[in-house]
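The data below hold one chain only, encoded as structure tokens and taken in the form predicted on its own.
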């Protein structure tokens, strides 16, 4: 949290996370280059730069696939939340691996087109932009690499604070067009030239898993995230459905989500979007009136929308009204950090 500037807030879990990730990268590269060349169509001799380029390219694709699976997995099953906690480290490392892939590719192209600049050799090696098969897959790779570098460069909390969470979030949606570009880069590049069924099957399965998990997570949220109707006070659910220390989440008519919490028999409502990265506060648990964001641990008092001192983050609060067991929310949010008196749940509104 942002009480003072710290370049990277290292802790034991982050060291372990990064160590495991680096070990996984090293193992993947070793397997790709040394152990399974036959299965990966390396039965014909290839020079070290080509083998390295293929290994780092495949590793970057697998890492990007894992990154895109973490989000929906955490939405489908809370046991995956620890993976989400340090996902930005994963992204920065993926950009570094992809950059290494580009370095080896540039060296290979430069060996054929001596006399030209390295980047030029990639750009004019294939200019058939008017056809599908044979399309310059290099351009797709360059686009994906630029996206990954932008995401890595803006991953620090400084940029999150400077750009504001909505802008930062919009920028980081670049990971989706980057992944689509990588799919096109591999499908129009390596697959067309090598015809490797093993790699094609692994690659296709990864892309299908990403698509399937996102569809499943969206379907789950659609089922459990009711839309509140109306522009006046809107019903968001029943108080008896809210477990002690937990919340229900509802989408308001303006599209924003509100989280209604129960703590010691009283109901309070705040924005469901954490001020840090729009994490789902409604999926957090209350301890002493404080809810902890399940994504990165930012905390807020559900009665005020404010982080406990000395932290300064704030989220909007909402007014509540209880009619027997039915909970109604004023859809107009209060300014972030505005205290709102909790509503006492009646006996019939007890779970």
Ligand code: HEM
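Source: prediction; values computed, not measured. Positions refer to the first chain, counted from 1.
From this point on, the text means the form predicted together with the ligand, which you will not see here.
Novice: Backbone and C-beta atoms within 2.4 Å of 3 or more ligand atoms means blocked; with that in mind, superpose the ligand from its pose in the model of the complex onto this chain and give open or blocked.
Specialist: Open, since after superposition no atom of the placed ligand lies within 2.4 Å of the backbone or C-beta atoms.
Novice: Heavy atoms within 4.5 Å of the ligand in the model of the complex: which stretch among 234-242, 249-257, 134-142, 208-216?
Specialist: Of the stretches listed, the one contacting the partner is 134-142.
Novice: Can you tell me if residue 54 lies within 4.5 angstroms of the ligand in the model of the complex, counting non-hydrogen atoms only?
Specialist: Taking the distances in the model of the complex, the answer for residue 54 is yes, it comes within 4.5 Å of the ligand.
Novice: So in the model of the complex, is the ligand close enough to residue 105 to count as touching (4.5 Å, heavy atoms)?
Specialist: Yes.
Novice: Any of the heavy atoms of residue 302 lying within 4.5 Å of the ligand in the model of the complex?
Specialist: It does not: once the ligand is placed as it appears in the model of the complex, residue 302 has no heavy atom within 4.5 Å of it.
Novice: So, residue 163 and the ligand: in the model of the complex, are they within 4.5 Å at any heavy atom pair?
Specialist: Because no heavy atom of residue 163 falls inside 4.5 Å of the ligand in the model of the complex, the answer is no.
Novice: Please identify the residue among 199, 76, 180, 96 with any heavy atom within 4.5 Å of the ligand in the model of the complex.
Specialist: The residue in contact is 199.
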